[in-house]
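Shown below, as structure tokens, is a lone chain in the form predicted alone; questions about how it binds or moves come after it.
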């Protein structure tokens, strides 16, 4: 009996960004500082994408640069900040300018919306948003949520629209060329995003052999069945972090927060770190081998 051939799903970062068309709806993987698709965000800006809508439980620097460059100004989201460092500067400025539109949900609500997409059902029930102004304030959706009487108990229950985005974009630590993906540490909603999106693109720190995947099948977070494309991007979440691979670059984030308080500072950052850098390899050269080594995780702790 012969083994079936393995499909090679690898594409480049540039090709991945090209596939995401203007106006696309994107389910954005990672959570907070952990494994955001930073390299993709920068490449979308370089390719001058526009009118994107992003769905996420919460992300930070990666979304703030997209807002600053006006690649994405519509969000269905649970939170958006740069954690302990404060509110995202571009987001604050573009919001004051009246350019950004939000549909606010709780973290649990967004997680359930992704789960609904993965289950291929049109909505998911939830109870805890009842009594909050999240039910009343809507900007992007005609039907943000609906309250009905439960057909079994008669008590009020909230129905949330499921998310099945045009694209799901996820960062992982390891994957093979076929699209079997291993994620370590916090996984967030990445599993559900992969299953519920119409096209799933995974950005991995490292390509490993299919033989290694088969030796440890219990470590496969997302099987190849749900992955359309694989992109190998070392340090693809910098200046954020990838558990077990590298820590977040706190000095860079502090510099970003200070410099981007003004539009002039943001434009300088945009040119220095994104537009004037030809590609991701050029970014790694700009960061420098010494700094990248300093950020490498201590295997005892994962950071």
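Keep in mind that what you see is a predicted model, and the values were worked out from it rather than measured. Residue numbers count along the first chain shown, from 1.
Beyond the structure shown, there is the form predicted in complex with another copy of the chain, which is absent from this document and is the topic of what follows.
- Exactly one listed residue, out of 233, 163, 201, 183, brings a non-hydrogen atom to within 4.5 Å of another copy of the chain in the predicted complex: 183.
- Taking the partner from elsewhere, residue 99 is found to have every heavy atom lying beyond 4.5 Å of another copy of the chain in the predicted complex.
- Remark: residue 177 does not count among the residues lining another copy of the chain in the predicted complex, judged by a heavy atom distance of 4.5 Å or less.
- Contact between residue 159 and another copy of the chain in the predicted complex is found at the 4.5 Å heavy atom cutoff.
- Using a 4.5 Å cutoff between non-hydrogen atoms, residue 145 counts as a contact of another copy of the chain in the predicted complex.
- Although another copy of the chain is omitted here, in the predicted complex all of 119, 127 and 219 have a heavy atom within 4.5 Å of it.
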